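In structure tokens, one chain follows: the form predicted on its own.
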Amino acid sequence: MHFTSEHRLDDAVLEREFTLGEIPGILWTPGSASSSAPAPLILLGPPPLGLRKAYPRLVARARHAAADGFATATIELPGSGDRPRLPAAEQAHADLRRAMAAGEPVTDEIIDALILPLVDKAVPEWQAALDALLSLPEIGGPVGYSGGVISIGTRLAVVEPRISAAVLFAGSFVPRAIIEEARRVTIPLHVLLQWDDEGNDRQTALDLFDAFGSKEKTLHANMGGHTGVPQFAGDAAAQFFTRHLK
């Protein structure tokens, strides 16, 4: 991990950009975390827009978490931002746009091609980032995961034992294989669902939630579109992490 920039935000949160190999990322630590006890960590899963476009939403979440004493970090998804495009994913996006423009159903084949290669590549990168982050003296466990793409969060919850709890955003396509994997998830979950999300298959999101094997899982559903998550839903997610990571 190589830090490339550092500055303090108005609320004294320390923001540091870094690269992990060729993967860009951002780390936020609360106040004077480097001179106090190590802060628990929340991994912020970004949307597939690129970190630059998603930055306002990510930094708002980071500041909220820092106020509760959490460090947060995010990395650029494969194929997003300035990272090289994934040819198979580009073709799947084209097939998706064609199907939606024609009013046709989005097939399992398109969803698999769009999501599964991304999950296969992103999850090991998140694990490598976690290795590097936990080696920093100002960062400690336990670790949480927050965000989408929900299939990435689901796979991480299955394969990464250092993640103790997760807040997952139901707002992306989910392959059937991921629903099967969800039965092996056992950590506490808090799932956010926007009921009128135009780009989300609500029934698939409900099927995924039902499949999760966790004994503690909460579905927090609200009316509204994809970006209309109300503030109180975010507050409930923050309280969830305070219960499980503090």
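One-based numbering along the sequence shown. This is a predicted model, so every value here is computed, not measured.
Just so it is clear, the following notes concern the form predicted in complex with a further copy of the same chain, a form of the same protein that is not shown.
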None of 67, 221, 49, 60 but one has a heavy atom within 4.5 Å of a further copy of the same chain in the model of the complex; the exception is 221
Stretch in contact, per heavy atom within 4.5 angstroms of a further copy of the same chain in the model of the complex, of 22-30, 175-183, 38-46, 200-208: 200-208
Is it the case that residue 239, even though its partner is missing from this view, gets within 4.5 Å of a further copy of the same chain in the model of the complex, heavy atoms only? yes
Though only this chain appears here, would residue 55 touch a further copy of the same chain in the model of the complex if you measure heavy atom gaps against 4.5 Å? no
